[in-house]
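Given next, in structure tokens, is a single chain: the form predicted on its own.
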């Protein structure tokens, strides 16, 4: 059976709460339900604009979760300071722009830009935090993540998930597979995520060496109709399917 971990992103539980500035639905309660249904990790993105997850949520999650807290964040001094104080198990560094609806692609690791990321990676690792970089499924990005000292890469699956037609989707899946093979050769832990859902997740879960899939919107959307626990359990079942 494939040993692929499921990270459940609870951002959109907080999105609903923030729409009315109420106390419910509570992301921490969602995290408890998700873990009880088989989630291996709880994922949240602490954005600079705080449009969903708030600082208090992150602190509460750390108190409740003794392990398996995965935080996405931009490489900014404020975010790094918070991560060093909270000490999640994993931090995934992601690109972030103020007007984006959601993360639009992987980090730009070309040119001189990565030098600061390398310093951030060392700071976080020095505090015992595993660090992954959110990258497009390209050889140059995977190699740069390795050169910068990351523990893992999280491959952006957006192009694969949005592709239509067997040929196009097959091409995008092959890109993910090739990037995954390179990550394995470079001894980087292999994660993936972004726009994966119940109809397209299985082939990605079956990529050789895949260790973790981080999925949020599809699970939270389905939970509206069937409940969070069965929605998480169904996704966990899918990613554990035999090839």
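Positions refer to the first chain, counted from 1. All of these numbers come straight from a predicted model, not from anything done at the bench.
We do not show the form predicted in complex with ligand PXP, though everything after this point is about it.
Three-residue candidate spot 11, 72 and 103; every residue lies within 4.5 angstroms of ligand PXP in the model of the complex by at least one non-hydrogen atom. The shortest heavy atom separation between residue 134 and ligand PXP in the model of the complex is within 4.5 Å. Remark: residue 94 counts among the residues lining ligand PXP in the model of the complex, judged by a heavy atom distance of 4.5 Å or less. Taking the partner from the other structure, ligand PXP in the model of the complex has a heavy atom within 4.5 Å of a heavy atom of residue 217.
Although the partner is absent here, residue 195 sits close enough that one of its heavy atoms falls within 4.5 Å of ligand PXP in the model of the complex.
Of the listed positions (32, 45, 184, 175), a single one reaches within 4.5 angstroms of ligand PXP by any non-hydrogen atom in the model of the complex, namely 45. Residues with any non-hydrogen atom within 4.5 angstroms of ligand PXP in the model of the complex fall in just one of 23-31, 61-69, 186-194, 200-208: 186-194.
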